[in-house]
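Form predicted alone, single chain, as structure tokens, below.
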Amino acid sequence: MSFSKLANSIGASVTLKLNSEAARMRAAGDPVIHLGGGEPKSLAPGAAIAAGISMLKTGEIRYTPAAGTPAMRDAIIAYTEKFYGRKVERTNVMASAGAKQAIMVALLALVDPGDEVVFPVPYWVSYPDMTRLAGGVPVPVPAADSSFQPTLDEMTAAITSRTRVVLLNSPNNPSGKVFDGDWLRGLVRYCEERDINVMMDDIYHRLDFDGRKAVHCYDCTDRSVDDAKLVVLNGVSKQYAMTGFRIGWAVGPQDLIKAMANIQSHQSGGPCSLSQAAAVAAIEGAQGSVGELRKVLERARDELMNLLGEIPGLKADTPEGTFYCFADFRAFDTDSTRLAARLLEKVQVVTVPGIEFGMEGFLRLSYCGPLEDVREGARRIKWLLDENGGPELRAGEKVFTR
């Protein structure tokens, strides 16, 4: 078959590909340590499971409205008021099959062919291809000092007359960076003055560490939800450890939400009724599981940072949120794809190459799995990189076998 130019230009999600490879190796008996995943190993809240079981027992698992069930939209309204301090109506919110779909639908609603979508480097791996799927032009903005937050001047210099959207993610995947409040306020203000849409990918909301509270875009504008050219994307996957339920949402101006719901009605229809019932229960139920998850992640982060600190030449900033560390391995290999392949081949540790996030020489390490896996993964990395292995990365040995 012959394929479209678009299909030929889009590759598979590298993180999903790595998940598949790790599963294949484990099934084959290899002692794989997966530090490449983005999926908390905590269990979903009990209330969510009970709500799903209760609906399942009725046998009434039906289609839902394109923008989500009334109960789901009401839960999003309550969440938005409780955690963002903004009162919204049903016309301002919609549910989707994960925050990823919400981002994609928002891009389809806002971007015309040739329009530019600007985002900081490092960025989530899917942003460039999602922009291309919408017909847009991705404009990644690196920091001159290789830090994880370009300056305000660097961001604004990348904005042109073709810029349609500025896409932000804080706490940030892959870096764990929480964007500076003054920086965010300045950027939102700049976009407001130029009538540019701001999209806030807030899927790691409430997973910020050390008692900090990430400044949010709603903190940066005095405009109402309908007047602000701002759409916020969130979901239950990360904070409630409900990745497989595939429920996300969008909050924004009602005309944008209407356009997004129209697109979604043709793209996939309404989100799964069973998953929405579980998501409602998670949002409206006791929130203790979120705090417990945050504590578990903080402990795992601290453990990982201590272990990485024992590797001479490796540099790693302490993550301020999410469950990722974006470590600088350039002292060992400037080709992150090659290094990640070596780690998988020689010590069976899955990592994600930094080039996929726009920064070569870095690897993303996830610490949301079991603590013993985080420790073992760091130990294996150290073994490969230490003075016994040297710059040749122990090319002739494979020691961790089934």
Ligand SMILES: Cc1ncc(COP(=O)(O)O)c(C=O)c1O
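As the structure is a computational prediction, the values presented were derived from the model and not from experiment. Numbers for residues come from their place in the sequence shown, where the first is 1.
Not on display, but discussed next: the form predicted together with the named molecule.
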property	result
The named molecule contact in the predicted complex: Tyr240, any heavy atom under 4.5 Å	no
Distance check, Phe209 to the named molecule in the predicted complex, heavy atom within 4.5 Å	no
Contact of Ala282 with the named molecule in the predicted complex (heavy atom, 4.5 Å)	no
Residue contact check: Phe326 to the named molecule in the predicted complex, 4.5 Å heavy atom	no
Sole residue of Phe179, Tyr127, Tyr218, Tyr79 within 4.5 Å of the named molecule in the predicted complex, by heavy atom	Tyr127
Contacting member of Val117, Ala277, Ile257, Ile203, with respect to the named molecule in the predicted complex [4.5 Å, heavy atom]	Ile203
Candidate stretches 261 to 269, 165 to 173, 311 to 319, 285 to 293, one within 4.5 Å of the named molecule in the predicted complex by heavy atom	165 to 173
Within 4.5 Å of the named molecule in the predicted complex, all of Arg301, Leu304 and Arg379 (non-hydrogen atom)	no
Sequence-ordered list of residues in 90 to 106 near the named molecule in the predicted complex, where near means a heavy atom within 4.5 Å	Gly98, Ala99, Lys100, Ile103
